[in-house]
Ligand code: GCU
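Before any questions on how it binds or moves, here is one chain, the form predicted alone, in structure tokens.
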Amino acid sequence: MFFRILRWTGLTLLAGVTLLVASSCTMLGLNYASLDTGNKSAPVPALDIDRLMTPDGRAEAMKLLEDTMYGPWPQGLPVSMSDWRIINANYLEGRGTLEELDITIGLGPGAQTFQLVAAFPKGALANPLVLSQTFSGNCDVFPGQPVTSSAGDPCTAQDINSTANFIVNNLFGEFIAEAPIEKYFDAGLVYSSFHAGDFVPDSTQLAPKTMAALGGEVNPTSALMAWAYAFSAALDALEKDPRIDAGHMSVMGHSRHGKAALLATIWDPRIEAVIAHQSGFAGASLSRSPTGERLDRMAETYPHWLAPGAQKFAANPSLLPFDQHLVLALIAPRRVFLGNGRRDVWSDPNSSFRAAQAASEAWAAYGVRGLSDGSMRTFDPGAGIVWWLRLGGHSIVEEDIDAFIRFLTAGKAPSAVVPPAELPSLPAPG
């Protein structure tokens, strides 16, 4: 009881601090992102598409991302999981079941275990999947359900901090925590998610120690790469379930978890499509951009998001041998959704749009459409790179969810395109 009260008090204080910080940079700001891209410089360096289309060129580009900004993909880091256990057999008045399992990543005493929760529509068989990484714990994402809390016991009303939730939801949108499962069920989707902080804490002090203790031959050195690997570990469990179509698995993340979702999609060819909502710097926004949060500010505030060696590039992005249009291009020809808010100047939608424009060359090389012709106001849910811009700030609101679902149900790339399962990837170490 004492620890629950302490946690509740801490969340309330954290929400108050978040309110003060966010008021200067997110939803409460009065600035608007520029919609004029014609007066801005094109991303540099230019992509070498011919080289990028080869297995060796792709591997070189992925190694470049590892060596300069994100640290190594932890190839071979052990992953184990429990069986599914039913949390609610009549979830949403019988529309489906709510289940969870334990995923353990690592080896020895430093291995980390977290809970993956999934909502399966009733009678699901080979349904498309959307896998989300969440800021909040599972108690908040699935309110009123006895999923396992971060403390390791079933969630109760005491695990829900209504004051903190009220503040956070009003700052960052009604769906920043709670998942609108009904909407996903209506679209015929299986929804699954996990709290990234239950694997590697979002902490400058704790994240490096946690990653170093995982016990693998190769450990991640940035929280973004660790969270990306957690996406892949969750897919290990999900792809085996007959209720899921393993050929239609998508990942989704907002803000820092949008960055991780992009990385996961590069390294894991099983991912058919990715939603990176307001991913900002080290995500879809150009590192060399002088507007918005900027890479150097992000690296100063959240140094654990990047590998230690990235600090020299963060201080002087002109030294980077790539920019984020390469990150997007490495996902082609699979589908990408880039979500943005007009008042989310911190995430720099303008430079993200220019990165998408430049990356479209990679989709064209596969013979498919990348970013649609048009402006930053154009929404084409069937494109290879889908651009979404709405009013408002750094948040997840109902119109975002509706746009996500339109993207997820718009279909996959033409059959003439090389299937993601055949895309080249880096060889195992050694």
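Owing to the predicted nature of the structure, the values given are computational and were not obtained by experimental measurement. Heads up: residue numbers just count along the shown sequence, starting at 1.
If you look for the form predicted together with the ligand, you will not find it shown, but the lines that follow are about it.
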>> Contact with the ligand in the predicted bound form for Asp241, defined as at least one heavy atom pair within 4.5 Å: yes or no?
In response: no
>> Taking the ligand as it sits in the predicted bound form, is His304 near enough to touch it, meaning that at least one heavy atom pair lies within 4.5 angstroms?
In response: no
> Would Tyr91 count as touching the ligand in the predicted bound form under a 4.5 Å heavy atom rule?
Replying inline: no
> Closest heavy atom of Phe353 to the ligand in the predicted bound form, within 4.5 Å or not?
Replying inline: no
> Hey, of 142 to 150, 121 to 129, 296 to 304, 319 to 327, which bit sits against the ligand in the predicted bound form at 4.5 Å between non-hydrogen atoms?
Replying inline: 296 to 304
> in the predicted bound form, does each residue in the set Phe135, Ser279 and His394 place a non-hydrogen atom within 4.5 angstroms of the ligand?
Replying inline: yes
>> Exactly one residue in Trp73, Trp346, Phe199, Phe231 has a non-hydrogen atom within 4.5 Å of the ligand in the predicted bound form; which is it?
In response: Trp346
> Between the options Ser287, Gln115, Ser360, Ser255, which residue brings a heavy atom to within 4.5 Å of the ligand in the predicted bound form?
Replying inline: Ser255
